[in-house]
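We begin with a single chain expressed as structure tokens, specifically the form predicted on its own.
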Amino acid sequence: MKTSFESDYNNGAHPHVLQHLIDTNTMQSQSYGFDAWSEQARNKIRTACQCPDADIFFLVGGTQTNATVIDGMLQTYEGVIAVQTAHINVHESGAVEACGHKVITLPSHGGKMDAGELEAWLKAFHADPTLEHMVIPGMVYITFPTELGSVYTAKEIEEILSVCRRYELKLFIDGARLGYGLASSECDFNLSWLAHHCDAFYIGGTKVGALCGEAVVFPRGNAPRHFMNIVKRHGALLAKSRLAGVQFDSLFTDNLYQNIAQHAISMAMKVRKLFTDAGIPLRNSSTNQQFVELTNKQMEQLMQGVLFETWEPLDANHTLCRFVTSWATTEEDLQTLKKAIDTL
């Protein structure tokens, strides 16, 4: 099989995570989130976030998590504001809309939302005399890092949160790749800071070393009433909750989550250098996702040696392609990629 840079979830679990699953496999436990490992993981996450009262729930995957949290936090008549490139708007098959909530889109700036544009849209919305006939905005959704590999600064998140507070909107942060955002050289805050600057977020496990799993955090114990019932209604409640609990217990032991992210970032920067040394342009990204501008001929030649994702056509002769690293990316993988690039 060819060396793959297609995604950060094309391998199994990190060996430490897998070993913890094996070591605990013959032990019996309670179910539905009440197992000892889930509680240990919650306490470790609370400590890492410096949020002792946080409500934490473990779900399986990103789309399921986004749809469940958004549905749980919004009233039936409310919608969620996101940028046009947001995962919930582009790559989730209408999961949020299927729950009855419209995704209201704003322009994307390299994947980011602009607080000024958000406020201008809200000001115009509330000035409209016919707003009773419209979907009422109840939440702002952003991703960290964004789908295009960009990273919000603390100032940018503070500005968005400030607008949310003025208009009584909840701020929900999609952290499917949270570890990579926090490990980015462009990130100027830590996990605790993030937890104190939103109403809900999740810590992605699927893309950061776990077989599956996302940890939803309501940092001030502010989970919606009967959220466990909402999770179950979405078919998202694991009977064998230990599957997620054991993994997050491992990920938040001895800085494993951070170490996985830092390794992937280090590998991504080496991938970036391979392309820049070859004179091939890339989009700006300090995360584990690197977006490369290839001619269609270069793209076809590279596909002979390695696997990667074609992101979008740029024009008739060029395509934007994505190369992604993870805990499993090795120096040997990079050498394979270099050999493929050298043939261009």
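All figures in this text were calculated on a predicted structure; none of them were measured in a lab. Quick note: we count residues from 1 along the sequence shown, nothing fancier.
There is another form of this protein, the form predicted in complex with another copy of the chain, and it is not shown here; the text below is about that form.
Every residue in the set I22, S93 and A239 has a non-hydrogen atom no more than 4.5 Å from another copy of the chain in the predicted bound form. Only one segment in the set 296-304, 47-55, 282-290, 63-71 has residues whose heavy atoms sit within 4.5 Å of another copy of the chain in the predicted bound form; it is 63-71. Though the partner is left out of this view, A210 does reach within 4.5 Å of another copy of the chain in the predicted bound form, counting heavy atoms only.
At the 4.5 Å threshold, heavy atoms of L131 reach another copy of the chain in the predicted bound form. In the predicted bound form, another copy of the chain lies farther than 4.5 Å from every heavy atom of F275. Among residues of the shown chain, T319 is not one whose heavy atoms approach another copy of the chain to within 4.5 Å in the predicted bound form. This chain lacks the partner; the member of S150, N89, S184, S108 within 4.5 angstroms of another copy of the chain in the predicted bound form by a non-hydrogen atom is N89. With the partner removed from view, the residue among L122, M228, M269, A115 that has a non-hydrogen atom within 4.5 Å of another copy of the chain in the predicted bound form turns out to be M228. Counting a residue when any of its non-hydrogen atoms is within 4.5 Å of another copy of the chain in the predicted bound form, the hits in 1-25 run M1, K2, T3, S4, E6, D8, Y9, N10, N11, G12, A13, L18, I22, N25.
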